[in-house]
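Two forms, one chain: they're shown below as structure tokens, one block per form, named structure 1 and structure 2.
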Structure 1
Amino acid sequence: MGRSNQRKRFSAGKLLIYLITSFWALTTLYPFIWVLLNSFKERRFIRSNSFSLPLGEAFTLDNYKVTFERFDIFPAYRNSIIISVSVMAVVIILAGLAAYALARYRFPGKSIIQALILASMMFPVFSTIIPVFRMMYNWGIANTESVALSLLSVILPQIAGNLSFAIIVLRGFIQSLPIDLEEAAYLEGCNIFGIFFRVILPLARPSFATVAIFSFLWSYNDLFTQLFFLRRKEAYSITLLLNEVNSQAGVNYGLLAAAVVLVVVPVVIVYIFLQKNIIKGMTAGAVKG
């Protein structure tokens, strides 16, 4: 009798959790669904009833056609991919090596370095953007005619901005790994880099996947840094192009909705296919053993 009551209470609790999470998911997804529906409607139908479905006379593909005709969507996608992939790759390598050193080795100043890494996460981007811009300008890679240098001027600050989070996540996971395999690899003749790439990387794959995904998405969505360093239209990223669409479209809500969908859809696709890696990587290092 006691067990049956416990099962009922457990089932009721799970039902309540599902209801709450479903409501939360609905409130989160609804704005995107609303934008997606309105991207297929003419402006007059959006003004009259923005909550109606794009059916019959209201349905149109003109918003997407105008967006592709008036704005350089594909070059902007290319620049965003170059920036985000570069940031992701460098962050994985540098943060992985730093996290491994902090997790496995003792050296003078280790506690100070760990404190500085934590402290660096407390400073918002806009508090350091002016000295960073001056540094990039003195290096000759900001405000230049070169598209490659303009992209590099965005990549470097984004790498620095993602390193602290990546090091903390990877360090916690590496500390949870048994050291026996590393000792065996050392006895077999592997050096530090051999142990890292042959032992740590395969074992910590979920955590590295999480860092890669978050670094890519944060870089892709970072409008603030790109506003400072990407001044030439040839170097515009997709989020910066959306900002230009917003300034030119005015009250053309259909065109704005189509531009938003074109920016958000790649991010949604990445998250849908890699969400298991994100959850697994964030929770894998929470339990040591």
Structure 2
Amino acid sequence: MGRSNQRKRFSAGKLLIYLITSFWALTTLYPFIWVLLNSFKERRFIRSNSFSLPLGEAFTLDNYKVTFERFDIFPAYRNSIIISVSVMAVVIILAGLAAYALARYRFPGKSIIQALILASMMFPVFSTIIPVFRMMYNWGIANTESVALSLLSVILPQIAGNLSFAIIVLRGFIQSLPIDLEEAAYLEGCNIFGIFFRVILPLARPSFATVAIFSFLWSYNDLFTQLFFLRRKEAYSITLLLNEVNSQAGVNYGLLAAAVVLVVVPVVIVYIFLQKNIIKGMTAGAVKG
């Protein structure tokens, strides 16, 4: 078999790969493009012809104008970012610590704790929210005048809600890391926390980034908890605003599409930013491995 022959077959395979992956990319990208296009269309053109381009008389910027006029977008962005970034940060720290312990230590009751964590993944938020509300009200956090406390009242349950997922994912990843590096660090005199921060954290970076993305995302999109705890207009998050636009817009899909675009943009930015970390983690891992 000649060298050139092999290369040719290789590129045919590549072509197939690109075809398949591009097809899937099309299905995932299209809805966003659809939303984006329709956000520039006048309402009456959306229902009759939602799959066309916003050209000519159909084109309008009104949807965005109305959204910005009628809703306080920027404070809502600020609130959302405070909530979701706090949730993300606390979750990755606490879950990272717990996951490391569960991945490496052997101790009595471990399997019970693991089963509990698994079980908590399935607790429907609808069944836990009312006791949580009562508890936080007694602490003076929920249902207060203060915007900061309102935000905190969303942050706390959301952290708890994201921990189980984060621990399970991080534990799976840390377990698959070779232990040699930790042992080497130990022999060099690192204590266990040193090992965690200097060895595990950098090595598991892609996994931490993944967990960070999902915590951010779920916190950001979690309408139900936000609806329950954020009642003051000044504390509204961007997702609550979308919900409000949604109920106000009715069949005004143009307005809704504009709102969706405004909601999605920050998440895409966060994703692209954290995505670089996954890539970096990859190259770092390659060098060390």
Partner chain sequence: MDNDSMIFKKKGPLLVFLLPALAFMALFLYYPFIMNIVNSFYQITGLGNSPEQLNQPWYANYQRLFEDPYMATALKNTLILMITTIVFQVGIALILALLIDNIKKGVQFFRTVYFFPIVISATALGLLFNLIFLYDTGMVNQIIQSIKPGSELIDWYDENHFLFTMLLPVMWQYVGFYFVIIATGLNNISPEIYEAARVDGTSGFQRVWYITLPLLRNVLCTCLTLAITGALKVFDLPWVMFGAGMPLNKSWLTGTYMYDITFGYADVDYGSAIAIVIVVLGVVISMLANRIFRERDI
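Along the sequence of structure 1, residues get numbers from 1 upward. It should be emphasised that the depicted structure is a prediction, and the values quoted were computed from it without experimental measurement. If you superpose the two forms and keep the largest set of C-alpha atoms that fall within 1.5 Å, you have the rigid core.
For this pair of chain forms, which number matches the form predicted alone?
Answer is structure 1, the other one does not fit.
Compare the position of the CA of residue 33 between structure 1 and structure 2 after a rigid core fit and state whether the shift reaches 2 Å.
After core superposition, the C-alpha of residue 33 moves 2 Å or more between structure 1 and structure 2.
In Å, how large is the C-alpha displacement of residue 267 between structure 1 and structure 2 after the rigid core is aligned?
For residue 267, the C-alpha ends up 2.7 Å from its position in the other form.
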